[in-house]
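Shown here is one chain on its own, the form predicted on its own, set out as structure tokens.
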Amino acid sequence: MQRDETSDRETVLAVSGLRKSFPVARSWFGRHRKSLRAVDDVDLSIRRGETLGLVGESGSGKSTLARLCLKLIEPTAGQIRLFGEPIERLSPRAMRPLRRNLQMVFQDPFASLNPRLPIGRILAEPLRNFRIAQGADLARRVEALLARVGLPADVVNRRAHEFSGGQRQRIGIARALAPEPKLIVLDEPVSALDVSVQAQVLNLLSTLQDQAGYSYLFVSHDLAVVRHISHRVAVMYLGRIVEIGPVESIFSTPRHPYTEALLAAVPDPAGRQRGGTRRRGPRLRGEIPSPINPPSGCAFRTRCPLATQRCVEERPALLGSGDHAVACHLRQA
């Protein structure tokens, strides 16, 4: 397993042994008979000023893991540390002063903004909630937030429906920045935007990170976007991290067959890869298994062309040298 970084002073958030199960069926006597394990024994950390990209197919548990990291849902087991201090058992009241350090930008910028409130009030709300500003100072801070995301001050009285998708996402980012957090979780923040607007928002996020040292957990299924913005990448499959490492290492020398298959599925319009318009690698077969009844051993074995009997019987641990680790019996050094 990767080296323990929870004691690292530069580590903003670290989770270990994190699990989340949801009951899905009951017996006649009210007892749970089946459960859906959405997150299964996850270890990862995010350093100060770093972007960790989290990728995987739909149903792999990415959004659930993101919400666990923010403690928006309670973990079934495991530990969550914010600046080295455990927070998984804290009550909502005890968590309240810590919330300003943990913010989120949602996938749908329109659904995440109150349509009845003007933008000025939306941005002022977190400043009031955390007692950061009031009166004239509050108005100045709202204008400063709009300037940071590239919007003019005269939009404060407009409502969400009066903006384009890209502008609405900039407002969502400004709202996340309001309490000056240390960690921002971005859950598919550009998937609903046009390609040209995506680039503008990604560049904005990079600029803000360079200026203030924010840490990002960037959840996406778009590998090109993840490669553009991330420092490290974690690949998730059926609730587990199957590979994690520096972004260039993951994209140039992937070790897990699932990572290879994801990269092989991405078209290369310029035809730079030797395999033609797509990268060489295994093709994904079938659908992701149900997390209610996952396969024994390695969860990916039912779709993996390299699977052996050991993959059926034994679940691989996440092991590796340096910063690049993989959970695969056949690819571990």
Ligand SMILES: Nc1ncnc2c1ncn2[C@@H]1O[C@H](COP(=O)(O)OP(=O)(O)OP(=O)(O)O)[C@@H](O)[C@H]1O
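Every value quoted in this text rests on a predicted model; they were computed, and no experiment measured them. All residue numbers are counted from 1 along the displayed sequence.
We do not show the form predicted in complex with the ligand, though everything after this point is about it.
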*Is there a non-hydrogen atom of G59 within 4.5 angstroms of a non-hydrogen atom of the ligand in the model of the complex?*
yes
*Should A307 be counted as a contact of the ligand in the model of the complex, where contact means heavy atoms within 4.5 Å?*
no
_Please tell me whether any heavy atom belonging to A265 falls inside 4.5 Å of a heavy atom of the ligand, as the geometry stands in the model of the complex._
no
*With heavy atoms only and a cut-off of 4.5 Å, decide whether S45 touches the ligand in the model of the complex.*
no
*In sequence order, which positions of 111-150 have a non-hydrogen atom within 4.5 Å of the ligand in the model of the complex?*
none
